[in-house]
Ligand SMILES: Nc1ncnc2c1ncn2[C@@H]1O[C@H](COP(=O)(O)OP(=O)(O)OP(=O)(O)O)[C@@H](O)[C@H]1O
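Just one chain is shown here, as structure tokens, and it is the form predicted on its own.
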Amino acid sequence: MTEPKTAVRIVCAGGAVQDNVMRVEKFPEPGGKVSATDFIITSGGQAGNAAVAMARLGAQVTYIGAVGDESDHVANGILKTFANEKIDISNVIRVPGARSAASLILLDAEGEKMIATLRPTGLSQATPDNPDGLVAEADAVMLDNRYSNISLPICLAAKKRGIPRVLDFDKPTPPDDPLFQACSHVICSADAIRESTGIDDLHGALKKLGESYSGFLAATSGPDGVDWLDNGAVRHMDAFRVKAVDTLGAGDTFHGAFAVRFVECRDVVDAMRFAAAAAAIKCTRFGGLMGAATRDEVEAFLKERP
């Protein structure tokens, strides 16, 4: 593994959410009740999870997103978490009169999840000031497609500089979507790419979406690993086998770790293996993004699995 000489600088743009997480043995039936064995309130969201994952891997991370105003205790909690992880939050957009997004999450004994998310509409109109300036010193940008009002201006500014633009494609989106087309590396969730293309077969969905996209295109499938297009052919990498305790944020961790490692080595296969290791470690720990791995932990994990 090529070791980084200096910390990579990544701008992470998109949504951040307060996660209210309970651990249960099994999910309740409709109208039923179950007892919880653990509980945590933490920060989450696609870009929020990726930001923490990247910071713990040693990157210098700037988070840019829209959150509630100064009176919103949810937004204040999210930003406190980011600050504790040494993430730059100086360019966060506080939306007057708005409150931040929040999720209610149940995790069962196998680490599988059920999620309900409230995304207030007031956050979807905010846009970043001076996108060119925000990415002027960045080595890459990490974006989600839930808040394209934030991600697209950052992406276009990064494109002008010619730096990597990694997209977490989690919301079903048509192939002519401007954010999708402006990114250099797109990693989809299996559900999102299937719904976007109308094709259930994952290899077929990748090839279909690849007809209208010229960058790097991949799709993650949790414990089934990751598939990607390589000159029109679909290649596959298995996920690392671990005992899953909490899968919350694993996909976001994969995206963030991929972005960090790709900047360092410029090799998508190496970056995906590094990302798979980071995601696997996260799955072994309860607490959403609080289970994100450090750089030393990922490297030790990979040394045990040559």
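Don't overthink the numbering: it's just position in the shown sequence, from 1. Model, not experiment: these values are computed from the prediction.
One more form of this protein, predicted in complex with this ligand, exists but is not displayed; see below.
For the candidate set Ala259, Val61, Leu57, Ala279, a heavy atom within 4.5 Å of this ligand in the predicted bound form is found for exactly one residue, namely Ala279. When you look in the predicted bound form, the only residue of Gly215, Pro164, Gly222, Pro120 with a non-hydrogen atom within 4.5 Å of this ligand is Gly222. Proximity of Gly68 to this ligand in the predicted bound form: non-hydrogen atoms within 4.5 Å are absent; the residue sits far from the partner. Although the partner is absent here, Ala250 sits close enough that one of its heavy atoms falls within 4.5 Å of this ligand in the predicted bound form.
Under a 4.5 angstroms non-hydrogen atom cutoff, this ligand in the predicted bound form has Cys283 among its neighbouring residues. Contact check for Lys113: a non-hydrogen atom falls within 4.5 Å of this ligand in the predicted bound form. The chain is drawn here without this ligand; in the predicted bound form, the stretch among 222 to 230, 134 to 142, 198 to 206, 73 to 81 whose residues come within 4.5 Å of it by any heavy atom is 222 to 230. Taking this ligand as positioned in the predicted bound form, the residues of 170 to 209 that bring a heavy atom within 4.5 Å of it are, in sequence order, Asp170, Ser189.
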